[in-house]
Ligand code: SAM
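The data below hold one chain only, encoded as structure tokens and taken in the form predicted alone.
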């Protein structure tokens, strides 16, 4: 018996030869910007969601699984994060999580698309929760790589750099934000015990991309630490990689994570705690073998792409 599909769908390619169909219950807002198609919609199974260029970027169901996993491991690992640079993160949820840390004095958020920021301010209040209006936030509209290059030239330094970027797609705006040359620029703006983290796509859906991102960071930083979380909106495990010359989140004990969370944040988070931290950095054997097997890395001349 043939299944009758709903007439309005988000059809998203999640790996080569594999796609995901999501019913759009209702469209709440949509806009075509200079760089991308942006939509906020009620999606079946996920609820209110942000969709960019046909890919689900975030949903109220589990955005905290992603944003807390991205932000808190590196923030907790740094002894005293005061200045933080965020590239991307248009919804405002990444800076929301950074601002939970009492030691933070300034957050510089750089996003290429002003229209997405204004769109988020208006339609994604559950995500940003007013974080754009925090006096510690300095919003810069511009190209992230250009900003970091200029920051290095003028001697501007950060304790933590968080790369909350869209996936690297051929011809997309973030392609050259996953290369060795770019990570070299990131290293230049990190001071002392500085640490960076990037979202790195999925180790199960796009395993080669995940490994290539890890390898690219490893060519620049002395310590490279991959980890994962689960995000239903993204159809499986999602990967992250940290880079630092001195620090690794994996080296923190469960007790130390709990202690730092109490001292620096005070309130309980929805997803991340000391047990979650331990789980995220305990990679399954197939992922460890993947990272040991694939040796490729990305350069400006030979970038890495996810399927679209």
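Bear in mind the structure is a predicted one, so any value in this text is a computation, not a measurement. Residue numbers count along the first chain shown, from 1.
Beyond what is shown, the protein has a form predicted in complex with the named molecule; the following relates to that form.
Not one of 158, 196 and 257 is positioned with any heavy atom within 4.5 Å of the named molecule in the model of the complex.
In the model of the complex, the named molecule lies within 4.5 Å of some heavy atom of residue 56. For residue 81, no non-hydrogen atom is located within 4.5 Å of the named molecule in the model of the complex, even though that partner is not displayed. Contact between residue 36 and the named molecule in the model of the complex is found at the 4.5 Å heavy atom cutoff.
Using a 4.5 angstroms limit between non-hydrogen atoms, residue 207 is distant from the named molecule in the model of the complex. Listed residues 228, 189, 76, 166 were compared with the named molecule in the model of the complex; 166 is the one with a heavy atom within 4.5 Å.
For the options 50, 46, 261, 241, the residue carrying a heavy atom within 4.5 angstroms of the named molecule in the model of the complex is 50. Of the candidate stretches 150 to 158, 95 to 103, 110 to 118, 210 to 218, only 110 to 118 has residues whose heavy atoms lie within 4.5 Å of the named molecule in the model of the complex. Scanning 78 to 111 for heavy atoms within 4.5 Å of the named molecule in the model of the complex gives 88, 89, 90, 91, 110, 111 in sequence order.
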